[in-house]
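Just one chain is shown here, as structure tokens, and it is the form predicted alone.
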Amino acid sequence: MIEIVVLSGKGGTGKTSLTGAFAHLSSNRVVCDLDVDAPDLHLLLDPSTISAQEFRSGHEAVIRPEICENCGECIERCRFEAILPAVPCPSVNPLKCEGCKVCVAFCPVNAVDFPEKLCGHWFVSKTRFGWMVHAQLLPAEENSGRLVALLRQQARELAKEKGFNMILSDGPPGIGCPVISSLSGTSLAVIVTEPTPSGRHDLERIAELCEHFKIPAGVIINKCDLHEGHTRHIESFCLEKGLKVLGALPHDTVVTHAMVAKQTVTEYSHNDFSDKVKQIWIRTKEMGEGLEKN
């Protein structure tokens, strides 16, 4: 099975718009939004939820007032100042609780429970382009890397069930834990960058990450006409590192108009820009299929 994940060293480079267009242009695949901290692929694909599941990870202290003797031991032990004095028993601030369990261990009457924490929800949905797996973390919740791994597992199971041979994922920005979780074991990383100093810097970071995990990568230069010099530098960097340049796209306001219309750019317009996106998808698919055969 081919797994293609679209990444960038930072947010705002256009990876979600391109992933949406690739979803429109492809078939026999499951679409997956791995940017669980701030998902927005659903804004383009408008999914209808088929099933929704809770995502629980980590733990949080809960004090039972019927048992607590209000001795203050938990308040004194908590290094994060997450437990505050109150009547009839201390109260736990969930925003400060780090789940260290020290209050559970030292409570003399075992009045502190330590249940798994609800961190968000994950969904299996239908879109106008087919099946989609996606999620939403609750505000300020962590463990997004674990949720990314869960989404990838569910996408694989769904693809096998439906007889599909591809998973197309919109990855998280940056190079942190969620990105590592989305990269590990995937077939191909597609890195979207821009011809700016920060764009090149972020490309270098994500390319280094792909190299570390031995994940083949291709590069799309978005807004390539912003600065021809930086575009040439990016092309030289890709040649030096053995990264295939899948294509370059000029700045075009049609992308914004398509987003406002809640459509992918290849749905919204059939101009030269859309044709370039189609050609990039053909090269991306061929690269993924070639890697899978090898």
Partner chain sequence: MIVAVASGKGGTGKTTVSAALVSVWEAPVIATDLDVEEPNLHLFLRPEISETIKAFLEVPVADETRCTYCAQCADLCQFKAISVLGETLVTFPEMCHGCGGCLSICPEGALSAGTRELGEISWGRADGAAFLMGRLRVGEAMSPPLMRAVKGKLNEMIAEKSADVIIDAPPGVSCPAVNAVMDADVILLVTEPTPFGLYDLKLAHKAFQPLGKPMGAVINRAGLGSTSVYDYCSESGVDIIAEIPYDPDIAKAYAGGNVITEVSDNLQTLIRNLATRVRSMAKNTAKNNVREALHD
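Bear in mind that the values here come from a model prediction, so they are computed numbers and not experimental data. The term rigid core refers to the maximal set of C-alpha atoms that superpose within 1.5 Å between the two forms. Numbering follows the first chain given and starts at 1.
The discussion below concerns the form predicted in complex with its partner chain, not included here.
Novice: Check for me: heavy atom within 4.5 Å of its partner chain in the predicted complex, for each of Lys10, Thr196 and Thr253, yes or no.
Specialist: Yes: Lys10, Thr196 and Thr253 each sit within 4.5 Å of its partner chain in the predicted complex.
Novice: Out of Ile50, Leu239, Ile67, Leu226, which one falls within 4.5 Å of its partner chain in the predicted complex, going by heavy atoms?
Specialist: None of the others qualify; the residue that does is Leu226.
Novice: Of the listed stretches (38-46, 24-32, 265-273, 240-248), which one has a non-hydrogen atom within 4.5 Å of its partner chain in the predicted complex?
Specialist: Among the listed stretches, the partner-contacting one is 38-46.
Novice: Leu209: heavy atom within 4.5 Å of its partner chain in the predicted complex?
Specialist: Because a heavy atom of Leu209 falls inside 4.5 Å of its partner chain in the predicted complex, the answer is yes.
Novice: According to a 4.5 angstroms non-hydrogen atom cut-off, is His233 in contact with its partner chain in the predicted complex?
Specialist: His233: no, not in contact with its partner chain in the predicted complex.
Novice: So in the predicted complex, does any heavy atom of Arg79 sit within 4.5 Å of its partner chain?
Specialist: Within the cut-off, so yes.
Novice: Glu98 near its partner chain in the predicted complex, any heavy atom under 4.5 Å?
Specialist: Yes, Glu98 is a contact residue.
Novice: Only counting heavy atoms and a 4.5 Å limit, does any residue of 131-145 reach its partner chain in the predicted complex, and if so which ones?
Specialist: Contacting residues: Gln136, Leu137, Pro139, Ala140, Glu141, Glu142, Asn143.
Novice: Verify the C-alpha shift of Gly174 between this form and the one not shown: is it 2 Å or more after superposing the core?
Specialist: No, the C-alpha position differs by under 2 Å between this form and the one not shown.
Novice: Inspect the rigid-core superposition and answer whether the C-alpha of Cys103 shifts by 2 angstroms or more between this form and the one not shown.
Specialist: Shift at Cys103: 2 Å or more after core fit.
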